[in-house]
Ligand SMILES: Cc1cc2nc3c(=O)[nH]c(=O)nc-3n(C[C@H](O)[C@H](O)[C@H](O)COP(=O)(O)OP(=O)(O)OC[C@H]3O[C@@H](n4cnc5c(N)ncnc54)[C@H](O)[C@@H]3O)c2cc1C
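First, one chain by itself: the form predicted alone, in structure tokens.
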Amino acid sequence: MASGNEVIVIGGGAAGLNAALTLAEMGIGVCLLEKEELLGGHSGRYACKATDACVSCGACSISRMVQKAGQEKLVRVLTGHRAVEAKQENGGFAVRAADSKGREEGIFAKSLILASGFSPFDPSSLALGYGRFANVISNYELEIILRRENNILRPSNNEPAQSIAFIQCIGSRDAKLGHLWCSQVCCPSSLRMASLGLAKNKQQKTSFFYIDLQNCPKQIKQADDKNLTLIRAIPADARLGEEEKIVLAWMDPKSGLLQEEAFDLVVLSVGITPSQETRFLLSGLTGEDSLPKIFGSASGSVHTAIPGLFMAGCARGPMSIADSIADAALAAWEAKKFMESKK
């Protein structure tokens, strides 16, 4: 079993990268495990939302951290390696990691940070056309389109979308699913994407369906009210209209009457849900599936019930990129304090 690392960090997204880099800056050796072939996690695929000025979306910080991690001598990066087991052993933590061909490697360290991210909610089961209609996509798919095309295009014909509906809280704030938490980032991110699309296409009209607006006073203030309509309702269903437009139906909150409108593109802002990888590893370490109890909790902590085991970023609840980075720095410092206490 390989040693020489004082901390193992599982997850190479925003939180994992900053935890590893913070530890390295303190002179602590790290093994950074990432199951994908590239570092960056979900946020590594996000598009920069800047128009004429930076809008603090955080996307650009990921590429800088990826580059820095590749150059840092105290950070051993293992991409394409999934943690298949984590357990306490000999006063530390032993992790088995397997690559895509099933070849395994054992790693031992004094401390372990779970920064294994989140799972986007799958909206396929909802009556909103996802997976059935080409022009119903998730916010994560729109991020990829924006990163590639620098514009909001319809998947059906690759033409700019003239009318767009963003539907918030898909898979979060839903008692039927048991997902009572707010995903924190969907409202500001969607409004930034709408603003970026408008900067590229002055004819774009956007309808923004929501339950409550969260964490986005700046984005609302910046929005052009002639091109952005805020609707406090969530559409019940979607059907295919002419020219592959998507017809949404919803109950108007003011009149109480049923409304219908056709859109070139519908974007579902899918919620942040617990990562299956985090649940699996945490269950193996603690003997119980404790993640749902703490996920999204305002009183959450980077500490766990196991000394030396820490959690950071969206592994323990919904956070923005900036908050994940800050959370990871705290986890790194707590790991350092733990190891110092054992000397």
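Each residue number is its position in the shown sequence, starting from 1. Please read all numbers here as calculations on a predicted model, not as lab measurements.
The protein also exists as the form predicted together with this ligand; that form is not presented, and the subsequent description refers to it.
Partner contacts here mean any heavy atom within 4.5 Å of this ligand in the model of the complex, and among 122-130, 197-205, 181-189, 99-107 they occur only in 181-189. A heavy atom within 4.5 Å of this ligand in the model of the complex is found for exactly one of Leu282, Leu33, Val302, Ala69: Leu33. Contact between Asn135 and this ligand in the model of the complex is not found at the 4.5 Å heavy atom cutoff.
The closest heavy atom approach of Phe93 to this ligand in the model of the complex falls outside 4.5 Å.
Residue contact check for Leu21: none of its heavy atoms lie within 4.5 Å of this ligand in the model of the complex.
For the chain shown alone, Ala238 is not a contact residue for this ligand in the model of the complex, no non-hydrogen atom being within 4.5 angstroms. Counting a residue when any of its non-hydrogen atoms is within 4.5 Å of this ligand in the model of the complex, the hits in 9-36 run Ile10, Gly11, Gly12, Gly13, Ala14, Ala15, Gly16, Leu33, Glu34, Lys35, Glu36.
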